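Take a look at this single chain in structure tokens; it is the form predicted on its own.
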Amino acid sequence: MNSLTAEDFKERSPLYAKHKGACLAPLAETVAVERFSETDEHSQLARCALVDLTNLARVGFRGTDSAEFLLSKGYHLPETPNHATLQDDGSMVARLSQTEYLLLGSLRDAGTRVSDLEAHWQLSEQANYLLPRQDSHAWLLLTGEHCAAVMAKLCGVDLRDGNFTQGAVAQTSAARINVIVINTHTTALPSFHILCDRASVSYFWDAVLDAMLEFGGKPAGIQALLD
């Protein structure tokens, strides 16, 4: 196993205590779980897995000029609220309301594009206001054929394919906390991105893992997502 520890980095996931014994890998200026075991985790991702992406960059923008600002930076935007658009580099833009957007970084560049956008944003006459999300929201990825069945145990919203299509966004409650769920199902890998209050993520992580047990679900690292 990797000799890196979360304590070696200034920034670390609030779930780091639950990752003891996992193989870690650098992720930009921080660290992420590379894998939880020496076995191949690809099959686990396809069946039912939970990945901690909390250390990957994310940021929000709100205001009547936010769309214009993001378009000027080369982002493709959803046409309507509660939808998300995957970008060419693997990052994602979710539209949460008429004037609010949430950007999720890509593992391909360790979130650099999104983190640079936040770092270089400046207040101007434009009605476009920065909403830091790194410290407010934790970020999990639920993958596999049993995604909707797992969430059905935690959430009152029907997240099955027929009702919750690819690119759909649900701002709802799961396990009694507020969450944002983004459907990023592909033919290769069904998946939900889930964002929740950072202070509650340890509780939520355990709740999701408990709901996954019936389907053989386990935590997994980022390496299988990159392969």
Partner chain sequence: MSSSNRLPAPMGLLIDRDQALSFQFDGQSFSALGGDSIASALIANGRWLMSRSFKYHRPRGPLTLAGQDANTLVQLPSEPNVLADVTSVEAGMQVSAQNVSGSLDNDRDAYLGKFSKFMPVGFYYRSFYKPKGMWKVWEPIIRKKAGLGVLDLKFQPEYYDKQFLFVDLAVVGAGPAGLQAALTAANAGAKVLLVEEQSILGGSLTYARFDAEGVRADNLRQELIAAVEGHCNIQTLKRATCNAWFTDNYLPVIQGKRLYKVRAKQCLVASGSFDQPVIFRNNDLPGVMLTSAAQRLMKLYAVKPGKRAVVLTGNDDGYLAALDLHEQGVEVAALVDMRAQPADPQLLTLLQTCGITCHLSTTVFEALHEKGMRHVSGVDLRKITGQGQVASDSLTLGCDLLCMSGGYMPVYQLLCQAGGKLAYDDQLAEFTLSGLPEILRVSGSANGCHALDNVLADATNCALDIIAALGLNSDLGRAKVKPEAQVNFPWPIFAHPKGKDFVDFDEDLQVRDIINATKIGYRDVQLVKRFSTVGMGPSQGRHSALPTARLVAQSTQRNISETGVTTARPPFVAEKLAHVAGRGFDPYRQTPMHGRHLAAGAKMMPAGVWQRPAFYGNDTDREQCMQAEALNVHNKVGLIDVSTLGGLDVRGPDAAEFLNRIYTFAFLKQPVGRSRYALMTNEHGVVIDDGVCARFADNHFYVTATTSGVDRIYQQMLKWNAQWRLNVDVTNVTAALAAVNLAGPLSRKVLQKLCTDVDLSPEGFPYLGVRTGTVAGIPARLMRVGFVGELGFEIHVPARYGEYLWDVLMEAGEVEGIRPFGVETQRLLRLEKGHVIISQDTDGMTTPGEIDMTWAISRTKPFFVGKRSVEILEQQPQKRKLVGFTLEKGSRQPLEGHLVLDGSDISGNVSSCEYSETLGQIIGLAYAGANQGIPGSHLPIRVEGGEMVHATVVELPFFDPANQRQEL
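Residue numbers count along the first chain shown, from 1. Every value quoted in this text rests on a predicted model; they were computed, and no experiment measured them.
Another form exists, predicted in complex with its partner chain; not displayed. Remarks below refer to it.
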- Choose one stretch from 130 to 138, 89 to 97, 105 to 113, 76 to 84: the one whose residues place a heavy atom within 4.5 angstroms of its partner chain in the predicted bound form. 130 to 138
- Message: Quick check on residue 42: any heavy atom within 4.5 Å of its partner chain in the predicted bound form?
- Response: no
- May I ask you to state whether residue 175 is within 4.5 Å of its partner chain in the predicted bound form, using heavy atom distances? yes
- Message: Is residue 117 part of the interface with its partner chain in the predicted bound form - any heavy atom within 4.5 Å?
- Response: no
- Message: Would you classify residue 35 as touching its partner chain in the predicted bound form, given a 4.5 Å non-hydrogen atom cut-off?
- Response: no
- Query: With the partner left out here, if you bring back its partner chain in the predicted bound form, are 152, 160 and 200 all within 4.5 Å of it by some heavy atom?
  - Reply: yes
- Message: Within 4.5 Å of its partner chain in the predicted bound form, counting any non-hydrogen atom, which residues from 199 to 216 show up?
- Response: 199, 200, 202, 203, 206, 207, 210, 211, 214
